[in-house]
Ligand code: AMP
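Coming up is one lone chain in structure tokens, specifically the form predicted alone.
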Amino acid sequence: MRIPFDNSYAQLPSQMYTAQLPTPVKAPQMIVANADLAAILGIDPADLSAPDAAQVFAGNHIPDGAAPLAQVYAGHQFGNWNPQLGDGRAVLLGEVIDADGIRRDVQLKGSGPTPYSRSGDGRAWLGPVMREYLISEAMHAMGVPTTRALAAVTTGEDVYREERLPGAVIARVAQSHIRVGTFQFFASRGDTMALHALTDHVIARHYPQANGPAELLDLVIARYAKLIAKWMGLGFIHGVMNTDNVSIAGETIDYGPCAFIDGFHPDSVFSAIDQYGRYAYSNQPGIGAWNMAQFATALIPLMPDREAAIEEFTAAVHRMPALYEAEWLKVFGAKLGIANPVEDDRALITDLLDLMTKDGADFTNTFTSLSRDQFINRDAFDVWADRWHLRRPEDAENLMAQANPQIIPRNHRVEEVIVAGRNGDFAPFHALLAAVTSPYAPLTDETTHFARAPSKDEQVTRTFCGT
């Protein structure tokens, strides 16, 4: 397999990473490969079915031009500072410049221990690999900036969590894997030289229009505000919005205990490790601003006047809620068929969400149908619908069809395919993948069941990290 690597992160100061080969596995077998993404990356899609493809994506065979490394970073985890984290179970193979001229990382996740594993085995089990593949590709299909999945393989080896589980590796692609926590790592150590080099690299790679750290901060804040608004419009809960999981490129990264809301409630939490609801659905915008405050703090050592920088950066972070609210209004306005929502439309949207909360209405299906059938208190919905019809443009259907996916990776469906995969049956995985990567297509006899909300017995109330 030929991958046209063009590596830049490996040219940065050596304290930013450790050169690290993946640990070979026993008997890799391909589960799925993404031919469309491969073509964008300059990889011949035919190579994905070559005999060595599984060997490459498992880390057994290193393609020419790769520069495998594990990145170091720090981070706030559930608000608690951890001075050293890093790629504990991932290896960056290298970078390619895609068909659009965008530089992208190709990383193997679950590829074995690194110096940053913190006593972990560096491996991933099959369930989280299947989950990340499905959800990241679904998010891409729904227009959300995200890491993507290039391939997934089984390893032929078991990993040990609470029980023996089949091992797997996912090859994921991102504009970069640089995080807020990457900046925090060097700022906390007073390594201004590395911080300068990292900042210059990020500006050149992601924000060439930025003239220095202050403009970089503004641009990252704007991109992150837009990203979170898109999450909210899909009922998506990231679940682990730690600063080491915040991509500086503004992409959704690290699909651990993430979930989509079924019956709506703004305080919904699925992550089993989020015991106090820090990263609940309704908290995501505020946590986003908190994370940007940590990014701003990490940039302060680069500024010549610390006190002036604190004042300027504080003002920048304080602008984020207004940026988010503007994006939120656009996202939810479109979901109601309103192309150019105004501030008065905010009450129309929030009143609908309040009705959904009271009745536990299914988030996705409420917006795809906007009918009284989704509600227990149908009279209250009818009163709201009269207001909506007065505001709704004649061409609302087209905009609503583009803004409201028919099919999302519902938690219970994801769990079903994981169970089947553990038993060696990947047909349900491929069927669900096909459905969630065509989220706006009209439903058919073959796909209608993917859009159905879970029954009480099918509901998934807790999701878990792969570690």
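Numbering starts at 1 and follows the sequence shown. Every value quoted in this text rests on a predicted model; they were computed, and no experiment measured them.
The following text describes the form predicted together with the named molecule, which does not appear among the structures shown.
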| query | finding |
| --- | --- |
| Distance check, residue 86 to the named molecule in the model of the complex, heavy atom within 4.5 Å | yes |
| 4.5 Å heavy atom contact, residue 120 to the named molecule in the model of the complex | yes |
| In the model of the complex, residue 244 touching the named molecule (heavy atom, 4.5 Å) | yes |
| Contact test in the model of the complex: residue 295 vs the named molecule, heavy atoms, 4.5 Å | no |
| Position in contact with the named molecule when the complex is considered in the model of the complex, options 367, 73, 313, 324, heavy atoms within 4.5 Å | 73 |
| Partner-contacting position among 346, 196, 387, 161 - heavy atom within 4.5 Å of the named molecule in the model of the complex | 161 |
| Segment assignment from 73-81, 228-236, 377-385, 358-366: heavy atom within 4.5 Å of the named molecule in the model of the complex | 73-81 |
| Heavy atom within 4.5 Å of the named molecule in the model of the complex - qualifying residues of 263-289 | none |
